Every structure is written in structure tokens, then in C-alpha cells.
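In C-alpha cells, the next block holds one chain alone, the form predicted on its own.
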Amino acid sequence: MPAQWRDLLVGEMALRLCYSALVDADSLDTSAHFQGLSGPRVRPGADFEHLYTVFEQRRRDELAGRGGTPVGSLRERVYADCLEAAERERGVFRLGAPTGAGKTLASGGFALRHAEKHGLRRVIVAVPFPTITEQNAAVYRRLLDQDGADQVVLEHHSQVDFDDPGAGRWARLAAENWDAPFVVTTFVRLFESLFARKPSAMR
């Protein structure tokens, strides 16, 4: 056992991570078997450099028609500060800004740049309520999803009906193990993935 695992909290999280990987591998392998595939299908890693470029271009296009305002200048400053913070080493970052300061765009830009810089595999945005989650997911889909390309943004919370034909098979499968580059979820779902005892939630 690695020495770090002897810390009770680290050990518990490490065991949960191992168990999650085992459950996921078993599910993917079973799915591959019944589909007659030679091995499990795993989505290739996201190109966060490309995703950030798409995000930034679409963000600029959206803001171009709004004209300069004092609030717009404040939002640009918050956004620039977040991009600057994204260049730092990984850690815990706080964004203390009032309502209307552009936190959705600033945190999205930060997350994409930070993921690109550190070679991370996905971005997970967790917010308190389903209504805010829906709003944020709509913004991120508008800025990141592209016609004719694989979907980027997965919205996952208690109000999403994955059986609805409009949701699509991709969303239902991606929600099983958050196999998407950009996941927008609630704190409840995030905490369930970390602390729940159900294999499906831990996966």
C-alpha cells in the first residue's frame, strides 16, 4: 500500500477511485462483448487547445455586438484575471465576484486553459441548483458544441431525462461515467460521485 494511503481520508478516496475504475472497466467490457467488439470503446482525449480556441472565438463574436459599457469592462477584467490564473500550477482557486460579473464565461475560459496547460482529461463544472446548471450548460453548449462534430458538453443532474428521444443516446451513455470533455452538473451529483455507496454513482 502506498504510504500516502495510510491517511484515512486519502485511503478512502483512493479505494473509491480503484473501485470506480473496476466498475467502469467491467461495464465497458460487458458492453463491448455484447456489441461484438474486440475491446471496450473509450472516447479519445479532448483537444483542449482546440476547444479553448472555439470557446474564445465564439465568446468574442457574442460580445462584439454589445458595445462598451462599464459592466462589460469589469467582465473583461474578471475574464482576463481568470485566464492569468489558469497558467498557474494546479490547486484550489476561488472566484469571488458579484452576480452579473461574467463568472460563467470566466470560469469556463479558466477551466479550458487550465486543462490544456496541465494535460487534464475533462472539465467538471458543479453548481448548486438544477436551474443554474441548465443555464450554464446552455451557455457552454452554445460556445463549445459544433455541428457535425462529437458533442462536448454533457449536462447531468436530476432533472435531465435521458429517456427523452431529444436527449440522445450519447448523453445517456456519457452520463454513466462522465465520458465527455466538459461536464456540467450539480453539487449533489458531484458529491455522490465522491461519497456515495452505489456503484453506478461512484462510476
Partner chain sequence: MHRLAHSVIVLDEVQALPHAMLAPILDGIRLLVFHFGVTVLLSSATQPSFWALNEFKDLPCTDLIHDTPKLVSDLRRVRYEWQLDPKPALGQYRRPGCV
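Numbering follows the first chain given and starts at 1. Since we're looking at a predicted model, the values are computed, not measured.
One more form of this protein should be noted, the form predicted together with the partner chain, which is absent from this view; the next part is about it.
Chemist: Is the partner chain close enough to 16, 96 and 101 in the model of the complex that each of the three has a heavy atom within 4.5 Å of it?
Modeler: Every listed residue reaches the partner chain in the model of the complex, so yes.
Chemist: Find out whether any non-hydrogen atom of residue 122 is located within 4.5 angstroms of the partner chain in the model of the complex, and reply yes or no.
Modeler: Within the cut-off, so yes.
Chemist: Is residue 77 part of the interface with the partner chain in the model of the complex - any heavy atom within 4.5 Å?
Modeler: Residue-level check for residue 77: yes, a contact with the partner chain.
Chemist: Could you list which residues of 78 to 95 come within 4.5 Å of the partner chain in the model of the complex, counting heavy atoms only?
Modeler: Heavy-atom contacts to the partner chain in the model of the complex: 78, 81, 82, 84, 85, 88, 90, 91, 92, 93, 94, 95.
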